[in-house]
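Let's start with one chain on its own, the form predicted alone, as C-alpha cells.
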C-alpha cells in the first residue's frame, strides 16, 4: 500500500520533498501540501490536494506521514501535532527554534512511548559520509583522534543575523560529528575572523577527540562541505562531490554549486526513501528528536559562549531510554 505524504511548507526544501514524494519514492505518493503562499502551494502540489491549514493536513485520513518544512518557528508546534495525531513526521532542522521547545517535543515523544519524529539531518544519508562512518566503525583508520569539518557558503542570506551561523548552519556539523564519532561533545571554543566571518569552532568529545569546524558564510566561490577524520592508523576524507570535472578557458577542475540543494540531492532522496520505509515498518531511522534536541542545545551553548575567551562547557540532560 502506498503511503500518503503530506508536506507542510513548500519553499526550497518543502517543494523538493513534495517532488520526491510525487515522483521518486517507492511506496509513497504526495497526498497534499500546505503553504501560507497559496500559489506556491499549488505549484508544489502538482494536482495533489492543497490544504487550507497545516492542522487539516495532519488530521486528514489521506495523509499517513508528514514532512514539516515550514519556517523554523513553527516546527515544534507541528511536530507536537503530529505526535498527538499518531503520525510519523520528518521535520526539517531545527527541531524547534529554542532548546526549551525542542525538549517539549522530546518529552511528548517519550510520553507516547514510540519514536515517530525524524529530524532532517540528511548528511547521515550522504554516500560519502556513510562510507566515512563505515570505515571508522570497522577500524579502518584505528582509533579516531581528530575530525576536521569545513562548511562554506557562497554568501550569507540577508536574514542571517548574529549567532545564526552557529544555530542555523553549524548544527549540521554538530549532528554529523556526533554521528561519525559516536561521541558526545563536552566543550567548545570559538574564534572569529575579521567581521565575525569565518568562524573556527573547536570541540572536544567525551573520548578526548578534537572536532574542528570552519564555518564560512561568505566564501564567495561556491557551496563547499568537507570532512576528514584522522585516526591512529590512517585518515579518511570525503572525496570531491562532483560527478564530472570541467576544463575551460585554460583552467580545469570540479565546479561548486551555489547552494546545498545539488550537493545533497542524493542524500535527501535517500533520506526520504528510508523514512518512508521506516514509517511503513515502524522502525525509526536517521536523526531522532533527541538528536535534534542535542544539536540545538549545543548550538545555543556555543553561541552563548562566543563572546568569551575560554572554552564553553557543554551539557545536556541524560538521554531518555526511548533513544537508547
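Positions refer to the first chain, counted from 1. Given the structure is predicted, the values throughout are model-derived calculations rather than measurements.
Separately, the form predicted together with another copy of the chain exists; it is not shown, and the next lines address it.
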Contact label in the predicted complex: residue 209 to another copy of the chain, heavy atom within 4.5 Å:
yes
Touches another copy of the chain in the predicted complex: residue 92 (any heavy atom, 4.5 Å)
no
Please check if residue 111 has a heavy atom lying within 4.5 Å of any heavy atom of another copy of the chain in the predicted complex.
no
Given that another copy of the chain is not shown alongside this chain, does residue 277 nevertheless sit within 4.5 Å of it in the predicted complex, heavy atom to heavy atom?
yes
Within 4.5 angstroms, counting heavy atoms, which one of the listed stretches 157-165, 230-238, 173-181, 102-110 is next to another copy of the chain in the predicted complex?
230-238
Spell it out for me: taking another copy of the chain in the predicted complex, does every residue among 32, 97 and 319 have a heavy atom no farther than 4.5 Å from it?
no
Heavy atom contacts to another copy of the chain in the predicted complex at 4.5 Å, residues of 291-320 in sequence order
308, 309, 310, 311
